[in-house]
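In structure tokens, one chain follows: the form predicted on its own.
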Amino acid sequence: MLRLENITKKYGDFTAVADIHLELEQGVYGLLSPNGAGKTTLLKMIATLMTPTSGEIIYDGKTIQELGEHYRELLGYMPQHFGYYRDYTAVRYLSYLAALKGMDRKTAASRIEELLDMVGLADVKRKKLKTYSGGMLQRVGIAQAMLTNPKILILDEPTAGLDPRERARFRELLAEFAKDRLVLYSTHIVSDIENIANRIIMLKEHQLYCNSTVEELCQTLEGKIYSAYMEEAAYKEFAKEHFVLSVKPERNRVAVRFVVEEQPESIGEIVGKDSKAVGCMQEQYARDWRLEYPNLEDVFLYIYREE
């Protein structure tokens, strides 16, 4: 178990994260919040790249400062921007990192071949990294984080730059890898973690907002998410009074997904009692206004609606 006890990090008068308490076991934890909420700072402290201003990080009953090098040997870390030598091939780059980590050559060579195949780079492993696309470099970064088969895998925005096929491959890879390991996965791309995270950790105003399952989070909006089709003029009036989650033009109308805190008693209450749109919307709402099951993106947009 990895335990964070009242972790705070300050930079002068600015507090990046405040009083974070978490208990983490094996599985995938999605660290989900908008940019600037403190995700990277929190991960860097867990990875020993930063020291908390106050509080302790404890692994298996000992602080990570006490464990020192032994703790770092358990880690795999992929930062948002990782350094690499442009003229190295993927094989040479990973071999270099393996040597720094103390892996013997035979074990390293076998592991590198395995990882490059897993991330879909086996056919370009002898090409120089300067020829790689952004998505290919991200996959190299994922491979280097998994190089030593770590017990704790820390990933900071790992799917940035990956196309949908690459992201699907990565989700499959991560789900298999996390069966007996702890994976911390920071992102603001909700779809990347909705189906693989055992728990979702959210930060808000630099504090812990929740540590819950996707199901628990979605239940907080159950009975409050609706969708409807409406004329564009009616939508403009509607959007003034309701929190809209998404809007999509479809022919001469728009499809709207929105939050209703309390189920309204009438169509007039939905679109605004003084709105001219009430009459023309009456029949349409009776046909098209539908209760929807919440998803994690709905929850994310609603929680951070003021940011």
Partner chain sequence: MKIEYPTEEEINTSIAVSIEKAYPNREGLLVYLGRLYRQIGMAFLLHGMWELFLLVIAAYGFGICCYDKLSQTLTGNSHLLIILVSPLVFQSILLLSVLREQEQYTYEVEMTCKYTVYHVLALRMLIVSGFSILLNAIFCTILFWENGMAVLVRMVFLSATAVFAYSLFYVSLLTKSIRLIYQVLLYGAWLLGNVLFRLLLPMVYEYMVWRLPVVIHVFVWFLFAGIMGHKLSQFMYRNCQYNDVRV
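Since this is a predicted model, take the numbers as computed values, not measurements. Residue numbers count along the first chain shown, from 1.
Keep in mind that the form predicted together with the partner chain is missing from the display, and what follows is about it.
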Stretch in contact, per heavy atom within 4.5 angstroms of the partner chain in the predicted bound form, of 251-259, 48-56, 235-243, 31-39: 48-56
Listed residue that, although the partner chain is not shown, lies within 4.5 Å of it in the predicted bound form (heavy atoms), from I200, L203, L121, A98: A98
Heavy atom within 4.5 Å of the partner chain in the predicted bound form - the one residue of V183, M103, L221, L115 that qualifies: M103
Non-hydrogen atom within 4.5 angstroms of the partner chain in the predicted bound form for each of K9, F82 and Y88: yes
4.5 angstroms heavy atom contact with the partner chain in the predicted bound form for R72: yes
Heavy atom of Y132 within 4.5 Å of the partner chain in the predicted bound form: no
R92, heavy atom within 4.5 angstroms of the partner chain in the predicted bound form: yes
Heavy atom of L67 within 4.5 Å of the partner chain in the predicted bound form: yes
